[in-house]
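Here we start with a single chain on its own, the form predicted alone, put down as structure tokens.
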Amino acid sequence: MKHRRLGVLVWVLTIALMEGIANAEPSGREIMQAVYDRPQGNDMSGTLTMTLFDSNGKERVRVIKQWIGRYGRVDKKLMIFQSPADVRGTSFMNWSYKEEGKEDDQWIYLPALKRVKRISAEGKGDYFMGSDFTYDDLGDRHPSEDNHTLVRTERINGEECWVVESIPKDPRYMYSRTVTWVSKEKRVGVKRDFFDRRGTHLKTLNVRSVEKIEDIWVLMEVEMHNVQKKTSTRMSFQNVSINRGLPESIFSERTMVRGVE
């Protein structure tokens, strides 16, 4: 009888352990890796409307054409400004590498200078075209560059989220840490707080709208608010096309200068 009771007890404990493992939360690194690896299709294109708000609420609107493509282990992005006239023809290109330790390559073309300029590592902390996004924010930071800790779970905008703190391994990085709210359902970051090198809250990115297009979650509207300067930049994505077979050749310095035909 004792052996039978012992067998039942072992079985109950085993089931409880299995359920505990099944319900265990992933680590901070696993969560951020899942966000980084989420499906994004082979290519994507559309129109970005970038609205800049100054500290008095006055706004400026800029329209940008954007192309994104994945080619092997490299994700490429091209942005070309369409309006207003004073920025028309300005273009930005980013190449992100899906391997640890390799930083993004970035370039910008300014029509007034008539040349493509490569953005240095030091220049990635500069703000992009007067917005609240740095050049680095427009890239795709590899999870291996930070130490990630799951600090809690929290419900935000009706979604259950993991809250992950990420601290850069390189102490020279422009942010001392970031805190990201990741949707458990979508594996998409829906909010992120950025802290400057002094550890003070600098800005917050809020994802206002996410839509599923051809089984891919697409960020349709995001807004970056600089709490120190009291400025904001909103980016809205429209006319989205996915997996249309974008040729890799468009992601070049030549296209940055001449545009996409």
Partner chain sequence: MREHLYRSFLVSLFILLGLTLLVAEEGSDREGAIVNGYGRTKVGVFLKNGDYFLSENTLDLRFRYNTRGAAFYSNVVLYERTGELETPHLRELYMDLKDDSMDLRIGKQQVIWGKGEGVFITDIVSPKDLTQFLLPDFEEIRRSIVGVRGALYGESSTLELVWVPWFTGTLLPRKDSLWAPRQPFPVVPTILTEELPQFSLDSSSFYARYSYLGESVDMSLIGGWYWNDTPAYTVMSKTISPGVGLMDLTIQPEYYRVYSIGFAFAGTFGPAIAKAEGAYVGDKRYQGNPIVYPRGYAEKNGIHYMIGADYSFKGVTMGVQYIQEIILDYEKDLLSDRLKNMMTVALSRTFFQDKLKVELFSYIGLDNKDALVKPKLTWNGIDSVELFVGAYLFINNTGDFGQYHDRNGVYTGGKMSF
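Numbering follows the first chain given and starts at 1. We call the rigid core the largest set of C-alpha positions that still match within 1.5 Å between the two forms. Source: prediction; values computed, not measured.
In what follows, reference is made to the form predicted together with its partner chain, a form of this protein that is not presented.
Though its partner chain is absent from this view, in the model of the complex it lies within 4.5 Å of a heavy atom of just one residue from Ser236, Gln66, Thr204, Thr231, which is Thr231. Among Asp86, Glu160, Asp140, Glu145, the residue placing a heavy atom within 4.5 Å of its partner chain in the model of the complex is Asp86. In summary, the region of this chain contacting its partner chain in the model of the complex, judged by heavy atoms within 4.5 Å and restricted to 188-196, 49-57, 207-215, 29-37, corresponds to 49-57.
At a distance of at most 4.5 angstroms from its partner chain in the model of the complex, none of the three residues Asp75, Glu100 and Lys184 contributes a non-hydrogen atom. In the model of the complex, its partner chain stays beyond 4.5 Å of every heavy atom belonging to Glu25. Although the partner is absent from this view, Glu154 stays clear of its partner chain in the model of the complex, with no non-hydrogen atom inside 4.5 angstroms. Contact between Leu150 and its partner chain in the model of the complex is not found at the 4.5 Å heavy atom cutoff. In the model of the complex, at least one heavy atom of Trp107 sits within 4.5 Å of a heavy atom of its partner chain. Contacts between stretch 238-254 and its partner chain, counted in the model of the complex as any heavy atom lying within 4.5 Å, involve Glu253, Arg254, listed in sequence order. The Cα position of Lys114 differs by 2 Å or more between the shown form and the other one after fitting on the rigid core.
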